[in-house]
Every structure is written in C-alpha cells, then in structure tokens.
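Read the single chain below, which is given as structure tokens and is the form predicted on its own.
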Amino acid sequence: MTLVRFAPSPTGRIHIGNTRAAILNWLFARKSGGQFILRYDDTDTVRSTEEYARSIAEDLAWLGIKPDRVEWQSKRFTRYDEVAAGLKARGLLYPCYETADELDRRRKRQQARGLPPVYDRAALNLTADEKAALEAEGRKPHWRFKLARAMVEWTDEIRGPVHIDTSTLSDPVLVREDGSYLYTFTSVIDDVDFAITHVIRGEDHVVNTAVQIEITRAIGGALPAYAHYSLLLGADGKGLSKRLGSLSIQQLREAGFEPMAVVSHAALLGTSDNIHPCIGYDELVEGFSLSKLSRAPARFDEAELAQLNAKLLHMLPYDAVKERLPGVTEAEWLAVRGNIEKLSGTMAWHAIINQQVDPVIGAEDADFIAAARRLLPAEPWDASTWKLWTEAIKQDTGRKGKPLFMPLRLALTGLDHGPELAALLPLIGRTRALQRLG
C-alpha cells in the first residue's frame, strides 16, 4: 500500500508553504488508494506545544484533509535511542567535542585556503584520554553520522536522475550535546518503521535526501521513492520565507478565503494544469500526477488567490453555503454570488435587499425617479419585471442606457455597482422599492 506522510513541527501555525506539502501528499495518497499519515515532529520538547498540534489538526480539517493515522515522535524516543546505540557500536555515529565557535573558525580557515568548508573528522582521531580530558572540562559530545563519502544516486519522481557526492558534505550531526535528536535522524527511522513508500517534499531537502539515504541503508531500511517539488516564490519573484508568518492557514481562513480556493491554488500551482477553482477534491485527485509538477519555481500571488476565491464562490450552489449564511435565501444567493469576492460579502447584499438603505438621488434625477416610481408595476414580480419597468420608463422619459439604469441602481441600492437589478428587484419587493424611490 502507498504510504505518505506530512510531518510538521508543532512549534507554530502551518503556512501556505508547508500546507502545499500536505495537499500534494494527500492528493497522491487518494489517487493511489493509499494512506496519509500526519506525523508530529515534536522532538523539540521546549518549543513544541499541544496547542500548536491542535491548530495544525484544525487547519488540515478545514482544508478537508483527514489523516488515516497520527503519529508523535515524542512517543518514540526509546526507538531512537536503540537505533543510535547500534550506530555508535558500529562506529557510524561518533562523538565530537568542538564548540560552534571553534567549528566556525575552522570553516573560515578552510575557505581562506580555497578548501570546501566540510568537517574534517578531527574527532575521529581523538584518543580515549583526550575525550576524557574534554569531558572533564565540562564538554558534552554531539554525535555525527559517518558518511560513506560516495556517490548517492536516485531517480526523483519529479527531478529525474539525481547524483550527490557525499564526500562534498560534512558528516551531519544527528544527536545534539543535550542528547536530543535532529530531524534528519528521527525522520529516517520513522519512514523505515512506518513503511513510508513515497517522500514528497520541497527541493530544499534534495541534499538532505542523499544523507538520509545513507542513514536508511546503514540501519537496514527499505528506501522510499523521493519526489522534490520546487519551492514557492512571491509574486515579485523573491522567496516567501520571510513572509510565511503572514500566510498561515489560520490567517487565510480569518481573511475569508474558502478552503477549496486555497487547496486549488496550492495543488495546481507550479503544474502543467491551468489554475482554476475546484469545488471538491474529486477533480483534483483525478487529474493529479507528480509528472505535472514543474522544476521551475512556482509563484504564489495573494491577488491570484483572491481572484480564484471569487471564481469559486461564483460557482457554488446554495446548498454548499446556506449553513454559513443565516437568513439568506437561495434566490438571494443566486442573485449576488457573481458579485462577491468573499462569502461575507453576501450578508452586505442581504442587508441591502431586506433592510433600509440610504438611496442616492441627485437633484438632476429627481423628476426621472418620480416618473420611475409612478410607473412601478404591480406585484407579483419575477425576472421579467425589470425589463418591463425600464421599457416603460424609457418610453415615458426618453432616457436609455446608463442615464436610465444608474439612477435606478443608486436609488434602489445606494451603490453604483452590484448584481443585475433584474435579479435584485423581485427580492427587494414593491414596498421597499417605493420607499427607496421617494
């Protein structure tokens, strides 16, 4: 069975960047008939909170993503300890005592000599007495994984053949001085233990994948397939990393965006498909393929998302929104949906239809509006009433086009824009129309 995972750290709200990972993994799982695992990478026990974990679950639920399983790394420390002990016994995980300042100075010296700033494995040459002396000074070791310093190759599901020589990389730190584990290590163990078949994530993990492949092989695990998609840029072509805090799913929700507008945008961005609104997941699942994802950077444009949101609302049937629109009738929804960008705009038009408005009647239009009031047809009214009424006004006053329609719109709604008056007029009704026409 296909198994994928979305692995956020519950140290903050999820944003549009990592939400895209969740959506792509979710679509892949649904398309292949597989399962989607939500794995909380909460090994940072200081910054990880239950509140953030709940918020992540809530945001995913709002997006329509329901995990098949939920896992917590904080419950698996015993397993990580076991694997770490095995690697230490084999010499693949070795202790290092350099401070961050010492490592920084060493890198600068290497760069000054024209050498790559790769860790020189000096710790491997320490004797037992030297280690004991360093620990007597109060130093605690961090532990590095000993890379094979060989070419790691895989066929990426998006990028195609990838070749990374791990001799160009520093041996990665997998265990900190305080004994806590880094993502690179725990993620590999989880992927092996949970039998993850596909790892779908951003291209910023490509080099990390080479390291994780070596770790996977070292612990005797089966390798998943990897797919690395391009990262998001802003509309200005610059990275979104500094702005992601303002693009959390919570803030997009509070700003009035529809979940399927966010999903449609994230799922189709950077693919060979045109970006368009999808009412539900079925269309997206049917058309989903990793082969459609481009290697070129994808541009996230909030204005494009707003346009997509409006297009989605214009498509939605009444049954999809009625529970969120108290008092709004189906006729009202069908009349106004084509003129709103956010669902909240519906209530403004509901008020214009049903409550008192401040009509705008210019002095130059006073006689025209008086004639229009006199010619207002008797009820019952329907979709044809507007045409019958304006034809009569045209015959009586000689006005046509904008000089005819705009004063009527201003008088009936108080605004110079909005839905077709042919649809609004029957909803406003004759009594309210007479009041607004003076």
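All residue numbers refer to positions in the sequence shown, first residue = 1. Every value quoted in this text rests on a predicted model; they were computed, and no experiment measured them.
From this point on, the text means the form predicted in complex with a small molecule, which you will not see here.
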Residue 205: touches the small molecule in the model of the complex, heavy atom cutoff 4.5 angstroms: yes
With the partner left out here, check for me: in the model of the complex, does some heavy atom of residue 201 sit within 4.5 Å of the small molecule? yes
Residue-level question: is residue 318 within 4.5 Å of the small molecule in the model of the complex, judged on heavy atoms? no
Examine residue 80 and determine whether its closest non-hydrogen atom to the small molecule in the model of the complex is within 4.5 angstroms. no
Listed range touching the small molecule, judged in the model of the complex by heavy atoms within 4.5 Å, from 217-225, 255-263, 115-123, 181-189: 181-189
